[in-house]
Structure formats: structure tokens, C-alpha cells
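A lone chain, given as C-alpha cells: the form predicted alone.
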């Protein structure tokens, strides 16, 4: 891209201290409206209570907003942070950024954990976190030059709308001949036209000589980015030596990192082959265990699923190292070279597709009744290019397709599109419409929760069936696991703080595949432990995949195989070595528990965070329609008879559907109550004063929020 015109509107230099024990010691605050640039010290209390990463994000966002702040208010902040362990090239999965804001979809806190170089480069440039508030009047770039120790706010003319072209042009411009020194955060035109815009974070692939993408996808973070008038945030850095974090105990840090990397190199080829097929290995497993979403989560299996799984994509992926951070031995960020789209602005041109990963394959493939790997690749490419979250796109289109097949909407509302399951051309056209902000795509781009209201109020659709089949909770679209038979994952979705995203409690595999939590009590206990533990990765700037996607060979013989305690011990040793804060595995969980409860109270401050908000559409719990029931009749009949003691003789299928629903909804409500108690919350799902005091987050403003909501003990 040529002809870019930059104009400086604000610039400042800053002092950059050396990284000490994983911390840069300051944060960066940018107000686009003023404009203003400030550096703010990181306090010891921030490190102790919030650790880093998402913890720092939440604290900065808490200070920026009030309980009445909405996603498009100037004071809403986009916060991006790494973490004390982030950026180490010798420890697997250490390249993560965590992004946090108030969501257009949920109207409360959303966070997303994303790979790429940005978070580590931001920290090494001198900042543990970045907070952006205000709104720019013209497309603005925030450029953080860690080498020159300078921050610039620049307007830009001549920049493309397409995300891939944005990233390529800015990498070339700011890289000054060294593109590997640059990481770009940007979005695309779809973020301006939908409520589920994503952010693309780049990493430079030297082998393929191009900037590649990972996505901060969930909750419309890209929509907030676009609303603020941001064209991009760019950071520049260079060297990343092994001791870049200046750990308290360099020898211990190197030893545990070497041990972990050696295990992954030895075991990944024998287990999931992440370095060769990435997360596509999940497709056949989920299909075998009836957990792959098909046709808007109606079903969990399909005979054509093998057409979109690992056996196909391993031959489409371009071979070579695919780590989204330096030195990561998992190296699972695969892509397809020289793919030629059949539609849209890149029709007939050879492009590089970053992905697909499991969520995109399931959401934009099987859940739409599409079993063509090339259509999935095309949807993947355009979602990234338009800045759209593939999970929300897939789940929203699946909802529309079922509504169309049920006669709840028709071609008068869809602009003439035939939207039955399997209609690849219509699915692609909706993606393009979302990218352009046109046609029926403008409605689909508002997300499932808003569509339910539009379809009922304006199109006369039955609101009851819309609630049952609209796969959202808290306003966020479901990620791609069919949970009818997994009470544990129902809780993992319904109780998740930000909505039904699997990163908080991905229990489906442990529950359905390995059967490691067969009892109700085990499910409830794990719905406390797993969210607390998994939160810790986002506090530290780490990826979760090394923890449980490659496991020790003797893991199955340990007392707690679901938790992979050998790896957790390594994480405790590594955290201790980097920060100098001697910690056990239990200490790590308590760190997370403090931040997790703080986020629950943050939701409460924003008008959410009660039992009534931890609801699920019934499709997540059981069969909504007779057709669904009949597809698994033997299973459901047996459960009614043997578990619930119902005599089903002579009962019609519709009556059995209603009976099963009664039992399953009661079971989920019981689960909520037990988990709340285990977490130290009230029956209404609010942390008690005793809990926040125990966790050391009893700040006056936290206690005030609890008091305003009737919690004083």
C-alpha cells in the first residue's frame, strides 16, 4: 500500500526502566479525545492483588468507568496487558495479551486472551498495561516506539479498510526494514457495522514474510476499538533474550522452561499433534462423543464431520514453524497458503488464511450444516479481514438458519436469501453484508440477543421458541460445544463471568471424553476450581494449551488427572523463579480467586452479576423439539425411566420433552446453588463480605457495591 499520509497530533518521550522480575513498573494511559498521554506507576498493591494481565486490565477499567458507563461512552476504556511471565521465549505459551473493555453485546466486562507479539513487546517497551479512553475525531494510530522511547498519536489518510492490508502497510512503514520488530492491533470494517467486531493482533512470520494474525474475538472489543476512531495501535521492539524478564532466579527459570519444552517436543507428536494440526484434532473427538454442534446445536454428531477435521486440514496447512510467540514449542497457529476465495473483494486472488481453529470449523462449518473445508476457510479469511468474531458469526447465522427453517422468518425479512442449513452461498453473503453494513447482515450483526427481540417484536416470531434456541447467555454467543449431556459444561457456560466462552471452564472434554467427574459433587467442585485456575493464565500472560493439551505420560495414573498437577507445580516454580514471590499451586489458585471475585463484583457494579444472569437457553440443557428428542430417543427414554423414575408407557414425544425439561432445568438450578456456596457467594450469586475480606479485595469501593446490593456480611 502506498500513499499513506501521517500527521502527528501528539507526541511525548518517556523513561523506560529495565524489566525487573517480570514487571515494567508502569502503565500507559492514552486519552484520544483530549488528546493526552500519561505514564502511571504500578504499585506493589497492584502486583500483590491483581498480579498482571487481566488483573491489571480490570483494575484500570474499574477506575475509568462508573456503573452507568455504556460501551460507546468516551470513558469506556480498552485495556491491554501482558503479565509478569509473558514474553519469555524459553517457556511454552508465553506470548499472550489480554484485552478488556465494556462489551456492546453484554453491556458489562468482557475479556479476551490473544496471541501475537503485542503484549510482550508492549511490556518490553516499558509498559505492563495500556489503557485507551476517549474518542478520536479522525482515524488515529497510537505508536509506541520502545526503541526510541517515544509515543505518538498520528492521524492517517489513505489506509485501507481491510485488516490484512492495514497490518501489512503499518508493519512495513513502522518497521523501517525490520518487520519482525513490529506488532499491530487493528480491526476491519465489520467492527463498525456489528456488535461483535474482533481485534487482530499481529506477529511477523519471517519464513512466509508476512504479518499474521491472532484474534481477540469475544464480546465486540473490535467494535469499541472502531467506535473510538482507532485505526491501529502499533508497538516497536527488537531483541528478546532468554532472560528478558530479568527473573529473580534465572537458573530456576531456565531449568523449568527447558524441562517443559523438552516434554512437549517429545510428547506432542504422540498425543494431539498440535504442532502439525493445531486444534483441528478436536473435530473428530467432539463428533465421536456427541459434542460437535450441528445445525444450531440441535445435534452433536454428523456423518460428514470427517470432511472438516484434522485429516483434511493437515494436508491444507502450509508446513513450517507456526508459533505465535518466539520459541513456543506447541506451535499450533497454522494457516493455509495461496487460498483463492470464490466471493467478495478478494475473489480470484491468492491469499493466506490464518487458521482455521476448532471454534471456527465448528461454528462456521458443522453448526451451519456446512461440511466443506474450503467454505470454512473463506468464511475464516473474511471474518479476520472484516474484523468479525468467527464464534459470534457462526452462532448467529446458525440461529438465523434455524429460524428460517422453522418459518419464524422468511425471505421477506432475509432480503431474498435462502437460509436453510448447508446454504454456503447465503452464509458467505451474510458475512459480506456484515462487513459492508448492508442488508439482512446488519440485523444478524447485532447478535443473537438483539435478533430475538427484533424477530419477536417486528416479525411476529414466537418469543418462547426464540429464547429456547437462541444460543446466547448474558448477551454473548455460545462457543462451539454441544452441552446437552454435560451438566459440568452447562455450568461452565452459564456461570462464566463474561458469558458462554469455554476459556473459563472448558470441562466438556474432561466430563464427556474422559469421564473424570461422574458425580454431581465432582462437577460442582470442578466448577469452582477450574475457573479459578484457568483465570491465572490471563493474569500472567500465558496460553492454556501447554497445560492440558500435552500431558505427562503418567498423568492418567495420578490422583487428579483432570488437573494435570505436575504441570501446575511447574507453573508455581516458574512464577516463583520470575517474580521472587515463592508460591505453591494452591497460592496460584488463590491469586486467581481474588481477581475472579473482583470481576464478579465489577459485573454487579454494572447492573449484572446475580443468579438471574447465570441463565442458559434450554437448548444448552436438553432437546427443545420432538425431532431432537427422537434423534436420541433411547437415551432420553432411559434417563426418564431409570434416573427420574417416570413411567413413559403411552406418553407422546412432546410430553416426554416437557418432562425431561423439568428435571434438567431443576438440576441446573441446583448446580448453581451448590457452586455459589462453594465459591463463598450468597444464594443470589454475590460474593459475601467475608469472602472479599479473605481474598484481600475488601477495598472501600468494593464494599460499597456489595452494600448497595444488600450484602453486608
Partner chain sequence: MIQVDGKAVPWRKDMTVTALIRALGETYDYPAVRINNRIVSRPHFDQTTVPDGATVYLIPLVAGG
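What you see is a predicted model, and the numbers here were worked out from it, not measured in a lab. Residue numbers count along the first chain shown, from 1.
Just so it is clear, the following notes concern the form predicted together with the partner chain, a form of the same protein that is not shown.
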Review point. In the predicted complex, does residue 281 have a heavy atom within 4.5 Å of the partner chain?
Key: yes
Check your understanding: Do residue 314 and the partner chain come within 4.5 Å of each other in the predicted complex, heavy atoms counted?
Key -> yes
Exercise for review: Although the partner chain is absent from this view, report whether residue 138 comes within 4.5 Å of it in the predicted complex, heavy atoms only.
Suggested key: no
Practice item. Look up in the predicted complex whether residue 106 has a non-hydrogen atom within 4.5 angstroms of the partner chain, and give yes or no. Key: no
Revision key, fill the gap. From 276, 611, 581, 173: within 4.5 Å of the partner chain in the predicted complex by heavy atoms is 276
Check your understanding: Here the chain is shown alone; which of 204, 299, 509, 629 has a heavy atom within 4.5 Å of the partner chain in the predicted complex?
Key -> 509
Review point. Non-hydrogen atoms within 4.5 angstroms of the partner chain in the predicted complex: do 285, 289 and 514 all have one?
Key: yes
Study note, to complete from the structure: For the partner chain in the predicted complex, the stretch among 341-349, 73-81, 304-312, 174-182 with residues bearing a heavy atom within 4.5 Å is 304-312
Check your understanding: Going by heavy atoms, what in 11-40 lies within 4.5 angstroms of the partner chain in the predicted complex?
Key -> none
